[in-house]
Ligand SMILES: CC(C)(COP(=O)(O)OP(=O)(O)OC[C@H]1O[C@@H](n2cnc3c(N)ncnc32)[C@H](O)[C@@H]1OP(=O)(O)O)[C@@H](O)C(=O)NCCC(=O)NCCS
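The chain below stands alone and is given as structure tokens, in the form predicted on its own.
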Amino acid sequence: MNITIRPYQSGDITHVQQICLRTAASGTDATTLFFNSSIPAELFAFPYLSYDASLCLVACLDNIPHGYILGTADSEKFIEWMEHKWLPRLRSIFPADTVSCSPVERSFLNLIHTPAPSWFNSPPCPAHLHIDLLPAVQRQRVGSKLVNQFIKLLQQQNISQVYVDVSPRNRGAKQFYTALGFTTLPATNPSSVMIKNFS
């Protein structure tokens, strides 16, 4: 098994969409939960690739992407861009009355029509990240390698903190970030906000 980590390339976009879909149900496969299979990536992957693809790394198994990490070095600017530049297009493609096939898809559609700042509350530090891995590359330290390489990219921009929103239902993710030195902050929404300081 040959697992490598490299910067994102434009040809990876279809794989990113599939990875996002197959991890969209609190880390598990949501393929059967969506009529519109692109919605998870349109909300949680493609915006980052459009805003700053230089902060995206992919984990490849035998040269095929099976995971990624992406994020932003300036959450406030990203959230503002998301609200005024990215979400208006999605709101026109997916009106509020778009038919959904599951409560999960409905929750994603509702997010499209919710102001982006309310997703994030007040960002606790400039940078945040988002990571998804398919089962084939889990439990092999791929996630920790992605996070460490992502942090190196942030350090090159003189960033010394990063946070992540973790669903309370995703216990494995919370354990993963705790093991990497993230600590949980008091949250005002259903997510757990976890932060890591680094020099």
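We number the residues from 1 along the sequence you see. All values derive from a computational prediction rather than experimental measurement.
Just so it is clear, the following notes concern the form predicted in complex with the named molecule, a form of the same protein that is not shown.
Heavy atoms within 4.5 Å of the named molecule in the predicted bound form map, among the stretches 34-42, 153-161, 131-139, 54-62, onto 131-139 alone. Taken together, Ser144, Val166 and Ala173 are fully in contact with the named molecule in the predicted bound form: each brings a heavy atom within 4.5 Å. At the 4.5 Å threshold, heavy atoms of Gly27 reach the named molecule in the predicted bound form. Under a 4.5 angstroms non-hydrogen atom cutoff, the named molecule in the predicted bound form has Thr23 among its neighbouring residues.
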